[in-house]
Structures are given as structure tokens and as C-alpha cells.
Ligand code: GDD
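Only one chain is shown below, in C-alpha cells, and it's the form predicted alone.
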């Protein structure tokens, strides 16, 4: 089985972290998001993945120099211009020579989904396209999917008012497609698979969906990216775990770490406290500094306090400064 993974987004919601690192390459438990995603695809039968890229592939090539990611053979398809989700899928599938049933995954989603079960469901229903669905407590912020008793998609309801949704099931970002879907997508044009292609397949009766209660998380916002790391520490993933502190980190003996992931090359000073936070590779937390509910790539000075904040590679908190709810550098440049 072959797969296309969409990794062409600009990661704007995760700035300033993505100012220096492409979103799919941000680590979750010391391993890049994209590597954990591909590992799960490979676990369930995917043997080749094509990354659909909207920007230069160099960071990915550098990370996976042998042409494999998590043991899965790797290809790259670099769009000449942004083509949106459907356009990117067609471009990547054609570049890879895909001519049979294939899987598509959004590159910022972490899930324990058994992809082989989704493929089996797709084939059993003779579907043209199949969507993985996940239930959420409040679907009003999402596009909700209405199904018939056979699992056929009847319609999509975008961000329904509270209490009016036909279900609590949302598009979870993993699909199984037949090559015929590619013919529905205009070549070289911006086309959304969610807004254009899937409704067209549904109108012809060929779109199905399978709901599961697997672990699922969209890592596209800082608080969710943080949650993805903490979930690993809490043992919530079916297959994945992580050590809290990377072997190449330097943590003072009297520093206190509580629900914290401390990355490679990170320095944590004497008497510092880091709680419910992620310190990314190269971060520095000074003596007696306190970091809570934050993601830190930059430097936190001695005696400083950082709460519910995001520091990019160039983010600095001065010694003794108290910071809450900020992003540094400011992603809007103000």
C-alpha cells in the first residue's frame, strides 16, 4: 500500500516555532511529528510514502538521508505553487506514479488508527473514497459528517451551531482513495478535497466514512502540540512512548521536572522548575527560572518565570522577567 502525506502547510498557527523548523519536523517526544505519523502508517501496511511539499524538501532530505522514514520508503513531490489539499494530492500521486488504491494523511495529525482496517472498510463497501472520522465532545468548531446506516456520507455540515449538529463525527484527516478520485481534480489548480472533491464524490454515492475511538490529535496549535508531548509521557498512545529527558540534555541535579519533555542539547539550570512544558532542542532555562504550560525553543533567563507561553528559537525572556500568555518573537511582527 502506498500513501501521500500532506506536509505543505506553512505552519502559521504554530509560529514562532515554525519560523525555524517546518511544522512536521517539530519533535513530539524527541521524534519528529512526521516520523511518528509515518511509523503508524508503516505499522499497518504502508510500504511507500510520498511527501506532498509546498516548499523546499531540504530539511526532510537532511532528516531522512537514506530515503526512508521510520522504515518506510520515501519520495518527495514539491509543488511549483500552492495547490490546496486536492491539488496537492493529485500532484503527488501523479509524481509517484500511483495507479491503485492509496492512503492520504494530513501531516500534522497524530493518531493510533489502524489504517489497514480503514482500507478493508473501503474495499468492503466498494467505495471511491473513504474518510476516517473521530468523535469530539463539541463539533461546532468543525466540519461535521452525516452518515446513513451503511456508512455512506450523506452531507457535510460546516461548523454547526451548538445543538444542531447531525452527529459529533468530524473528518480526522486520513483517507483511502481510488485513482478515479484524481480525475475529479483539475490539474495544476487550487482545489480543496474537503470543500470540493469529497462533496462531489458524495453526490455520486461513492463516499463512505468509518468512525473509530482511537487516539487522535491535530498538532497544529501550540497548546495541542504541547498536549501531544504530554500525552506520550502519560502513556496515552497505543504504541508510542518517550523518555522525559533526552540523553544529550544537561539538567542540573537540583532542577525539578514535572510532566516535562526536555530535548536534545537543552540546558536546565540549578534550582529551575519546568512543569507541563516542552523544552525543544537547544533551549536554555536559567538558574531558578520557572517554566509552566509552555513550549520553549529559546532562552529563559535566571530567576525568570514563563507561563502559558511559546518561545521560538529567537525568543528571549530576560533574567527576572515574568511572562504569561505570550509568543516571542511575536508571530505578527508587532
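By rigid core we mean the largest C-alpha set that fits within 1.5 Å across both forms. Positions refer to the first chain, counted from 1. Here the structure is a predicted model, which is why all the values come from computation and not from measurement.
There is another form of the same protein, the form predicted in complex with the named molecule; it is not shown, and what comes next is about it.
Novice: Just one of 298, 54, 286, 27 has a heavy atom within 4.5 Å of the named molecule in the predicted complex. Which one?
Specialist: In short, 54.
Novice: Which residue, 156, 121, 215, 76, has a heavy atom that falls within 4.5 Å of the named molecule in the predicted complex?
Specialist: Of the listed residues, the single hit is 156.
Novice: Quick check for you: of 232-240, 147-155, 171-179, 247-255, which stretch puts a non-hydrogen atom within 4.5 Å of the named molecule in the predicted complex?
Specialist: Correct option: 171-179.
Novice: Does the 4.5 Å heavy atom contact test between residue 82 and the named molecule in the predicted complex come out positive?
Specialist: Flag for residue 82 set to yes.
Novice: Are any of the heavy atoms in residue 194 no more than 4.5 Å from a heavy atom of the named molecule in the predicted complex?
Specialist: Within the cut-off, so yes.
Novice: How about residue 88: is it within 4.5 Å of the named molecule in the predicted complex, going by heavy atoms?
Specialist: Taking the distances in the predicted complex, the answer for residue 88 is yes, it comes within 4.5 Å of the named molecule.
Novice: Contact between residue 3 and the named molecule in the predicted complex at 4.5 Å, heavy atoms?
Specialist: Residue 3: no contact with the named molecule in the predicted complex.
Novice: Using a 4.5 Å cut-off on heavy atoms, which residues of 125-150 contact the named molecule in the predicted complex?
Specialist: 142, 143, in sequence order.
Novice: Any CA movement of 2 Å or more for residue 141 between the shown form and the other one, core superposed?
Specialist: Result for residue 141: yes, a 2 Å-plus shift.
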